[in-house]
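Coming up is one lone chain in structure tokens, specifically the form predicted on its own.
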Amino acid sequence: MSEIRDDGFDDWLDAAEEGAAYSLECPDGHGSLPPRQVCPECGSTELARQQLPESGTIETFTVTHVPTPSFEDDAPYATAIADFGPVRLTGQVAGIDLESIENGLEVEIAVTVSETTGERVLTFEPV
């Protein structure tokens, strides 16, 4: 695992590992993820942490059989975009046969370690 921390992303992964994943929300209700300091939709600098829902749903996914070198030991794997209320997250799907993944699948956030790099990876597991 890398010794260098990406303060915004690694802090968010720390929170997700503890079951406390969050989004940043402006007064108008637009959601975004750290390390943002300005709302990407309205430009507000008043961002507050909001706990994400315990579960979300897969909106779309793809299964990778021929990966980049960064994930060669992880293949085959599925990457999905999941809706968690104010934000959509991208992560790998784990804990389910690849053939069983479908749009609308209810998932929760987890953090796993890449077989290839040893780095932490955002993961979705079926509820």
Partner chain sequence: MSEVRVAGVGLTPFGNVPERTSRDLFGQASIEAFEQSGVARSDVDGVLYGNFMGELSEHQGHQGPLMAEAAGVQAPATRYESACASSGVAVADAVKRIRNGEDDVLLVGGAERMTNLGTAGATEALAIAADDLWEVRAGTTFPGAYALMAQAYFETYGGEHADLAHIAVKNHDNALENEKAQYQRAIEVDDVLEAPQVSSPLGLYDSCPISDGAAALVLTSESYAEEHGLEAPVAITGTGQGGDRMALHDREYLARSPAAREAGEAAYADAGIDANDVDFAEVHDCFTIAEVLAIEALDLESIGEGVTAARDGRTTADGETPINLSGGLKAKGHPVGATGASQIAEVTSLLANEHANSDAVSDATTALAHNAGGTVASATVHVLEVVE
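Positions refer to the first chain, counted from 1. Keep in mind it's a predicted model, so treat the numbers as computed, not measured.
Note that the form predicted in complex with its partner chain isn't included here; everything after this is about it.
**Q** Does the trio Asp14, Phe84 and Asp97 actually contact its partner chain in the predicted bound form, every residue with a heavy atom within 4.5 Å?
**A** Verified in the predicted bound form; spot residues all out of contact, no.
**Q** Residue-level contact is defined here as any heavy atom of the residue lying within 4.5 Å of its partner chain in the predicted bound form; does Thr60 satisfy this criterion?
**A** Residue-level check for Thr60: yes, a contact with its partner chain.
**Q** Give a yes/no on whether Asp73 approaches its partner chain to within 4.5 Å in the predicted bound form, heavy atoms considered.
**A** No, Asp73 stays farther than 4.5 Å from its partner chain in the predicted bound form.
**Q** Indicate whether its partner chain has at least one heavy atom within 4.5 Å of a heavy atom of Pro69 in the predicted bound form.
**A** Contact with its partner chain, yes.
**Q** Taking its partner chain as it sits in the predicted bound form, is Arg49 near enough to touch it, meaning that at least one heavy atom pair lies within 4.5 angstroms?
**A** Looking in the predicted bound form, residue contacts with its partner chain do not include Arg49, since no heavy atom lies within 4.5 Å.
**Q** Quick one: name the residues from 64-99 with any non-hydrogen atom within 4.5 angstroms of its partner chain in the predicted bound form.
**A** Stretch hits, in order: Thr64, His65, Val66, Pro67, Thr68, Pro69, Ser70, Phe71, Tyr77, Thr79, Ala80, Ile81, Arg88, Leu89, Thr90, Gly91, Gln92.
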